[in-house]
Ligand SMILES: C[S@@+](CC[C@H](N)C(=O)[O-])C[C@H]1O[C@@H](n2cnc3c(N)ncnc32)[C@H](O)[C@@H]1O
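Here we start with a single chain on its own, the form predicted alone, put down as structure tokens.
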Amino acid sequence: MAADLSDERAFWEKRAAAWERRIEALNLFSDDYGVPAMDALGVRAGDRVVDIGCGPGTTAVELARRVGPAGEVVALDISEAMIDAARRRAGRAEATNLRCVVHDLEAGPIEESFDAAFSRFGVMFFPAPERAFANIARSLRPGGRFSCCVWGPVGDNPWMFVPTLASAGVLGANLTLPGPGEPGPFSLADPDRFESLLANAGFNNIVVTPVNSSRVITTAHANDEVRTLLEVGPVGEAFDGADGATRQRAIDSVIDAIEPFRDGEGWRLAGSAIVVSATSNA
């Protein structure tokens, strides 16, 4: 029986509009991790690829470009609003070899066979990761490739926790931090646990590669760049519901909190992730 994803689905339904609105700014940072993960996948022209947790569709469109007209990409998300955003992006890109589908991988594998599966920060939110990764493996042909990036330990990612903690009190956000291994941005931060999950799910040739970068906030655009972080992050719902003055106080509190990370004409907040690649035993 699949785990109850109603809360997770509701969260992403509410955040989809902000993610679509801010996706270009998010890509500037996320691509530092997503591009190495996509390169590790070794996508070839003519491949059939599934993009897991596709969000507004930027990675799916890039995968569609890489596989070319002879290939196909199926973009998955549990959120209908995210899939709608991905379809809009696919349409603008004229990516006719891309299909966008609402699907819960904990409920079962996709009833198709793929050469490769990819995810950029989309696999950390499974309530039952053992089941989900087994279904990903079953969706791949024998020897099919899997590659993803996930966030490393929370303490190595001040780009997220510093703005979140600095703004939560101002916004009156009710933050509940996930416990170790519970669904959330850092649920797969332990490489040993992640390797074990994949091995038990039916993967081998597992390779884990740390990738470090930084989220740069410039002085000239600090208000807008901090607003982006707050709109799409854990305090996003509280930020949306606040009045203009409270939102500005939250932004100001973040700018004060990141001052120790000052680097020239702005601030540089570290981000740590791991890229994991594997092949299916099935």
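The shown structure was predicted, so the numbers you read here are calculated from the model rather than taken from an experiment. Residue numbers here begin at 1 and follow the sequence given.
Absent from the display: the form predicted in complex with the named molecule. The rest refers to it.
Engineer: Only one of 116-124, 90-98, 193-201, 135-143 has heavy atoms within 4.5 Å of the named molecule in the predicted complex; I'd like to know which.
Structural biologist: Contact criterion met by 116-124 only.
Engineer: Check whether R131 has any heavy atom within 4.5 Å of a heavy atom of the named molecule in the predicted complex, and answer yes or no.
Structural biologist: R131 lies outside the contact set for the named molecule.
Engineer: Indicate whether L63 is a 4.5 Å heavy atom neighbour of the named molecule in the predicted complex.
Structural biologist: L63 lies outside the contact set for the named molecule.
Engineer: Please tell me whether any heavy atom belonging to V73 falls inside 4.5 Å of a heavy atom of the named molecule, as the geometry stands in the predicted complex.
Structural biologist: Looking in the predicted complex, residue contacts with the named molecule do not include V73, since no heavy atom lies within 4.5 Å.
Engineer: Please tell me whether any heavy atom belonging to I78 falls inside 4.5 Å of a heavy atom of the named molecule, as the geometry stands in the predicted complex.
Structural biologist: Contact check for I78: yes, within 4.5 Å of the named molecule in the predicted complex.
Engineer: Note that the named molecule is not shown here; using its position in the predicted complex, name the residues of 38-68 with a heavy atom within 4.5 Å of it, in sequence order.
Structural biologist: G53, C54, G55, P56, in sequence order.
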